[in-house]
Structure formats: structure tokens, C-alpha cells
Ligand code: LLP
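Quick heads-up: it's one chain on its own, the form predicted alone, in C-alpha cells.
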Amino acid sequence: MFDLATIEKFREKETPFYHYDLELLRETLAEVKRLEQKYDFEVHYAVKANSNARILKEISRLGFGADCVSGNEIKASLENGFDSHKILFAGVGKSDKEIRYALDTEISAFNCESIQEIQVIEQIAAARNKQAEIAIRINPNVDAKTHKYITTGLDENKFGVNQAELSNVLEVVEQCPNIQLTGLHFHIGSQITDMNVFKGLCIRVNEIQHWFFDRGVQIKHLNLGGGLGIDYANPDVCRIPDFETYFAIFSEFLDIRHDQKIHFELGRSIIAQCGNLISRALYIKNGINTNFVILDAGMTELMRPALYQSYHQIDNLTSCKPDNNYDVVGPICESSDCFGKGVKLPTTERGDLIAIRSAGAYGEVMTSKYNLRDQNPPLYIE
């Protein structure tokens, strides 16, 4: 929870705004760095989770790499201290302009998701007299057991190359003198809380990389993506995810070859618990079937509940009155603009400060100007 000094700082700011707990972020990063060094892994922060410049600076200063899915994410990473040689460029739809920029800034590697993409990178690299290192993103058909919108490793998903295409991929790579195949990339989804899923991924990756080695293709690095979930239901108890178990699974079950580097792309697990959306109650409205708390924050500030029906703990920071049940909603002209139904809160009044917890990942970065909403600057607390 929040101490009284922090709540007083909240009172002074115009709402809604994002609050970032930099002390918790640093504790989280220190744990990831400790385990990265213990297992000799390499962690790349998934910039799509939160591209706030202050956050990027905190992460880059510890020497982590960056996982980017757009040219502008590459640009933001470079501007905020990331080493270009530790930047990976993923994404199913890279534009020619983005590919040119990535080549010119000498990023580490492209994670390629189709044969045609490989051919396009070859053409652009040849025109610029450059070599492009690539990792093939392979769809391992592993069920992440998470929300269908954030599952990315099944055959029906748009991501990656299917295993049936791998022979064709090698034929194309052999015809591309400006392409150097150095890695394999896997990412099966997000907010994964069943650790057995990662064990299953390791087994499938072992099978796939053996297929490459049998054909004389040396794989210098394996990128296992990210996907480690957080505990949205208990943000004050489970402040830092179980990175120890997560990394230990890959260390134990992954068939790591001599001099092979293992990469990860962690986003949500690093930043989600460090951020909260702070709002004020505008109105308390009595309905026929429920009572509503109408906030000054809406789906324009936090899209996840409307998009994924996701759960975020909601706290009233300024009331100590007996509990009531409310539907907590925003001001946007959409019925989907709802943060939670039947939420138990202290009796809430106009002006009360409301915290929507665990919003550091895919919160601020997904804000929109829908309804021409104002956007207030974040508050960082050391």
C-alpha cells in the first residue's frame, strides 16, 4: 500500500496520472541482474511494455538489452542509453523504413517472422552494403494457457514461421549473401503463470534446434522471449515475480550448446507492479442493479480491462468508511469503459483518490487521445 506522504503527493497533482515506484523498480531490476549473471543469460527489456523515458533510463543503466517492435522503439532505446549492439528488432510487420533505420544503427539482430521478410531485409541490406544478422522466429505450437489475445505461439497465430516451412527458410537464407542466420527466436505469449508451460517450451525448442544442428546449421543464440506473468490479485504481497524459478527452468531443461547465448525478452514482469494509475472519484451514481463510482480515468488511460477483461486491484486511498460494492467505471462514452464490476471498496465519495494497481505494463504506453482527453505527466517516487 501507499504511505501517508505518498498519498499527500497524490493529492497535490491533477488526476488522472501514472505513479511509478522507482525503488521497487530498482529492486526488481537488481533481482533480474543477479539471476542474469548467475545463469549467464542475457535479458532484453521489452520496450513495448512501457517506453517511458525515465523508465528506460533506469533499465539501460544496468546494461540490459532492448527488445523493440518498431523503429521508434529502437530510437527511444538508443536515446535512453541502450547499446545498439544489444538491441533486437522483433515484430511481424517491419516497414522498409524501419529496416533501413535498424541496419544504419547497427542493431544486434532482426527476429524474422516470414520468408518474405527475410528476402526484403536481404534486398535492403544489399542496397546499403550491410550484413544483417537474423534469428528465425519459429512458432512452436505451445499453448501458453493465457488470454487468447496475448497467446502468440499456436499454429493459428499470425506470429512466426511454422515448422513445416523450415526447409524453405534455409533454402532462402542460403540464397541471401547479406543475411547471416545466427539465432532462433520463440515467444509463446504473455502473462503466463503456469511454470510448466516454460518447461514444455524448452522441450520443443530442444527438438527444433536439434533439427538445425542435424543440417549443419550452427545456432549461436536462442531467444526464449518472455511471458512471465505477475500476481495482479496480490500486488502488495507479490511485488517481485518469481524470476528464480523462471530462469532455473530454462537452465535445467534447455539443451544449451557450448558458447551458445540464451536471450530473454522480459517486459511486464519487470515493470507492471512498479506502476499505478491514480484517479479521483467524480460522481457516485446509484443504479437499479448496482452503484457506480465514476472516475476521471477511463479506458483512454488504461486500456487493458476493456480490451482483455483484465483484473486490476482497485484501492480507495482516502476513505476508511464501511465497505460497499461498486462498479468502477470511467467517463468515456463506451460501455466497455469499466475497470471492475462488484468491486468491494470503502464507502466512496466524490473526490476520493482511487488507485488502479499493477498498471506499469501496457498502461501508459497504450493511452490514447480518444474523446480528446488531456494526459497528465507521471509522478515518480524514489
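Everything numeric in this text was worked out from a predicted model, so none of it was measured. Heads up: residue numbers just count along the shown sequence, starting at 1.
What comes next is about the form predicted together with the named molecule, which is not displayed.
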| task | Mark residue 117 yes when one of its heavy atoms lies within 4.5 Å of a heavy atom of the named molecule in the predicted complex, and no otherwise. | result | no
| query | How about residue 266: is it within 4.5 Å of the named molecule in the predicted complex, going by heavy atoms? | reply | yes
| request: Give a yes or no for residue 362: in the predicted complex, does one of its heavy atoms lie within 4.5 Å of a heavy atom belonging to the named molecule? | output: yes
| task | Although the named molecule is absent from this view, report whether residue 226 comes within 4.5 Å of it in the predicted complex, heavy atoms only. | result | yes
| note | Note: the named molecule not shown here; in the predicted complex, the stretch from 42 to 50, 345 to 353, 331 to 339, 317 to 325 having heavy atoms within 4.5 Å of it is 42 to 50
| Between the options 209, 190, 139, 276, which residue brings a heavy atom to within 4.5 Å of the named molecule in the predicted complex? | 190
| Which of 250, 101, 308, 292 has a heavy atom within 4.5 Å of the named molecule in the predicted complex? | 308
| field | Three-residue site 67, 185 and 366 fully in contact with the named molecule in the predicted complex at 4.5 Å by heavy atom | value | yes
